[in-house]
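In the block that follows, a single chain appears as structure tokens, in the form predicted alone.
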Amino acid sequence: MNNDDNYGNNVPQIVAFCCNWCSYAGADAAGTSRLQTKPHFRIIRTMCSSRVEPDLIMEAFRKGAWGVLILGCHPGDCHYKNGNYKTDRRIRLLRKTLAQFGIEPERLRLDWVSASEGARFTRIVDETIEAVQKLGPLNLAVPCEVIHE
């Protein structure tokens, strides 16, 4: 990820992992409704929020993302039954370890958006961009490698 794309180095870039069934459809609803949002994010479509492994999140930070947003189905509405519960547990654990890499936990956000919630999608993206922009660019204290056992 290159923060120089027409904006300069002081503009945050957010990676947003969106589940196919709800939050990606919510993003689509925001677009078809012509809702305005800040342009400083990139969506990566996943089949389920539970498919977003910690190493993908850390890779986004390594590549220059100022923040990572994970959006999934509301609890109880997951297409894969309990994928979003797994994601919630995983993100809670990862937030606890981010400081070891010099990454503020506020740079990682997990939230829920349904297919009909285009306005909610827009609000969450804008809030995330604003929060990360207040933190400034990410300067990693140590290389962030997640070790799989």
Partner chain sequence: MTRIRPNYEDRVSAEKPEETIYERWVGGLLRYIDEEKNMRIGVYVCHCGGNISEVVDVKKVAALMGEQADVTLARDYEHMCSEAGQKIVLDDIAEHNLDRIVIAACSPQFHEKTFRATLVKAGLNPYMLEIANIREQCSWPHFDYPDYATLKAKDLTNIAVAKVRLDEPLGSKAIPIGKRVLVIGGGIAGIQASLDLGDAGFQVYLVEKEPSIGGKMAQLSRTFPTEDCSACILSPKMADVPANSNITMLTNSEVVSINGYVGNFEATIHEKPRYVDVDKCVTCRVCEEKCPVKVPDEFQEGMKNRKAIYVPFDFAVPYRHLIDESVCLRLTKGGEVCGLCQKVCPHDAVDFNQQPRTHEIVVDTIIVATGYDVFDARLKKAYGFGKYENVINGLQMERIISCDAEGKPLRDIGKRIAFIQCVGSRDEQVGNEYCSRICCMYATKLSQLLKRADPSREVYVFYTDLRSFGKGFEEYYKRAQDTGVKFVRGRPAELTEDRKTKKITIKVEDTLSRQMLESEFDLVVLSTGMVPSQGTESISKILRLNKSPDGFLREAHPKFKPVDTLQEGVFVAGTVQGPKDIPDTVAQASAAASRAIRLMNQGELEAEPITAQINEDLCGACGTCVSVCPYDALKLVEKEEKKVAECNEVLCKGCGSCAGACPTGAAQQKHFKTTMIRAMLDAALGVDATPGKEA
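Residue numbers count along the first chain shown, from 1. None of the values given here were measured: they were computed from a predicted structure.
Although it is not shown, the form predicted in complex with its partner chain is what the next lines describe.
Taken together, the three residues 15, 79 and 116 all come within 4.5 Å of its partner chain in the model of the complex, as judged by their closest heavy atom. Contact between residue 124 and its partner chain in the model of the complex is not found at the 4.5 Å heavy atom cutoff.
The closest heavy atom approach of residue 106 to its partner chain in the model of the complex falls outside 4.5 Å. Taking non-hydrogen atoms only, residue 120 never approaches its partner chain to within 4.5 angstroms in the model of the complex.
Though the partner is left out of this view, residue 48 does reach within 4.5 Å of its partner chain in the model of the complex, counting heavy atoms only.
Residues 35, 36, 37, 38, 39, 40, 41, 42, 43, 44, 45, 46, 47, 48, 50, 51 of 35-51 are found to place at least one heavy atom within 4.5 Å of its partner chain in the model of the complex.
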